[in-house]
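Take a look at this single chain, the form predicted on its own, given in structure tokens.
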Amino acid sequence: MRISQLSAASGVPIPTIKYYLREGLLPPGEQTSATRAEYDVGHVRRLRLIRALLEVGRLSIASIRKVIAAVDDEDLGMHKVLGTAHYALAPAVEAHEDDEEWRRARAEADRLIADLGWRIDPGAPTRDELAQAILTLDRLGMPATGEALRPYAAAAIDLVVEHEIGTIPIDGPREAAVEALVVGTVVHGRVLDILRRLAHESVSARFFGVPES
């Protein structure tokens, strides 16, 4: 297909496609003349992935480039590829190793992960992210011990094992697997947050609201 057809098939404007080509995020098409190239369904898949990373994941071009590099690296197994996308989605958290409170929160996060038996890379940014949440709760006078966080961990692992991991198409193109991971992680994360707030309202109405007549 020509670039105009690629644009129509992907929903990405032609100038944006040309920008992705210049940035190396999208591989060049097959050159058929000095001014014309042909593209295929692989390019459509790559554009879908870029859109998911940019519009859903809210990633920078630099972060997208790292994810794309992992997708294209055939020496990386699927776990590493998906991990690269997961880590790119994590918000930046500054570790304060010289802060005693931070060190305690990080130790609590590491202890919880170890007690759960979860296989998490020692350098995973989500460890610092969890530590930051624990530290915030502590400073608000709502200490969050590993024991207090276990119900949340149990709910999370159940959702992932029973409902989410099976939606990632690992037998198809790697772009499709990463796209599913990004969309599932971000959008389902929002859905979970919304449903929790709805549940809070419902339970509050039942316990503290005016009884229905």
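The numbering used is simple: start at 1 and walk along the sequence shown. For clarity, a rigid core is taken as the largest C-alpha set superposing within 1.5 Å between two forms. Small disclaimer: the values here were computed from a predicted structure and weren't measured.
Omitted from view is the form predicted together with a further copy of the same chain, to which the following refers.
Using a 4.5 Å cutoff between non-hydrogen atoms, residue 52 counts as a contact of a further copy of the same chain in the predicted bound form. a further copy of the same chain is not shown here, and in the predicted bound form it never comes within 4.5 Å of any heavy atom of residue 26.
Within this chain, residue 191 lines the site of a further copy of the same chain in the predicted bound form, having a heavy atom no more than 4.5 Å away. In the predicted bound form, no heavy atom of residue 65 sits within 4.5 Å of a further copy of the same chain. For a residue to qualify, one of its non-hydrogen atoms must sit within 4.5 Å of a further copy of the same chain in the predicted bound form; none of 17, 34 and 70 qualifies.
Applying a 4.5 Å heavy atom cutoff to a further copy of the same chain in the predicted bound form picks out 129, 130, 132, 133, 136, 137, 139, 140, 142 from 127-142, in order along the sequence. Relative to the superposed core, residue 18 undergoes a Cα shift smaller than 2 Å between the shown form and the other one.
The rigid-core alignment places the CA of residue 9 less than 2 Å apart between the shown form and the other one.
Note: residue 71-residue 179 Cα separation is 3 Å or more shorter in the predicted bound form than here.
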